[in-house]
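Given next, in C-alpha cells, is a single chain: the form predicted alone.
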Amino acid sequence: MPHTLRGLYVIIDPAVAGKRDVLHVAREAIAGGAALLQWRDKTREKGTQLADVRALAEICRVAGVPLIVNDDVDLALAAEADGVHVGQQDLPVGVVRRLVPGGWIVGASTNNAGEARAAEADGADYVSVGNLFGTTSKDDTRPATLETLREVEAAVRVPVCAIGGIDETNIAGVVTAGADMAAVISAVMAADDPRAAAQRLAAAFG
C-alpha cells in the first residue's frame, strides 16, 4: 500500500463541526499532524456531500494524507478518495474489495478478535476497535475495553485503530495498549484550536 497506516486518524464530520468550515478544520488537522482523514456525514444525501468530499480529497492529495470515506463505496469512488471504511452492517469487506480499485485502503469496524480476524481474512487493510470510552457521535456502538484492543492487536497482522471517545486524556493509554492508529472526532473537530489539538494528540505516537 502507498500509505503507512499509523498515527492520528481524524474523522471529519460536519455535524460535529457546527458552523465551522469543515475544509478549514481538515486543513488544520493535517497541519497539526493527522496521518489519515475520514469523511463521515450521516445527515445529508450523498449527492449533496459530493462537492465537499471532492474538495477534501484534493486537500488530502496535496498534503499526501489518505482520505477514507465512511460506509459509502459509491461516494468514495465518485470523489476519488483513497479508501472506504465499512461497519459490520455495511457491505462485507470481501465484496468491497472487489468493487474498489487495487491499492485502495479498506478498513473495517470490529468489536472483538474474531471479527477482526474475519475482516483481515476478507482483505481489510486495517481494523478499528471500539467503542472504547463512550461517544456521542453514534448511538449504536458496542462497548470495548483496552483489553479488547490488546486482544485484537495480538490476533491480526494488519494495523489496528482505536476508536470511541478518544481525547487527550486517554490517547496515551490506547497507544500503550498497542493501537497503531487512534480515531478522533470531537477532540479535533470541536476543539477551539483544531491544529493545536491535533498536534497534542499526534504527539502520543512519538
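These numbers come from a predicted model, not from an experiment. The first residue of the sequence shown is number 1, and the count goes up from there.
From this point on, the text means the form predicted in complex with another copy of the chain, which you will not see here.
> The chain here is shown without another copy of the chain. Which stretch in 23 to 31, 46 to 54, 157 to 165, 142 to 150 comes within 4.5 angstroms of it in the model of the complex, by heavy atom distance?
Contact criterion met by 46 to 54 only.
> Given that the partner is absent here, does residue 72 sit within 4.5 Å of another copy of the chain in the model of the complex, heavy atoms only?
Output for residue 72 is yes: heavy atoms within 4.5 Å of another copy of the chain.
> In the model of the complex, is there a heavy atom of another copy of the chain that lies within 4.5 Å of any heavy atom of residue 90, even though the partner is absent here?
Looking in the model of the complex, residue contacts with another copy of the chain include residue 90, since a heavy atom lies within 4.5 Å.
> Heavy atom within 4.5 Å of another copy of the chain in the model of the complex: which residues of 77 to 101 qualify?
Those in contact are 77, 78, 89, 90, 91, 92, 95, 98, 99.
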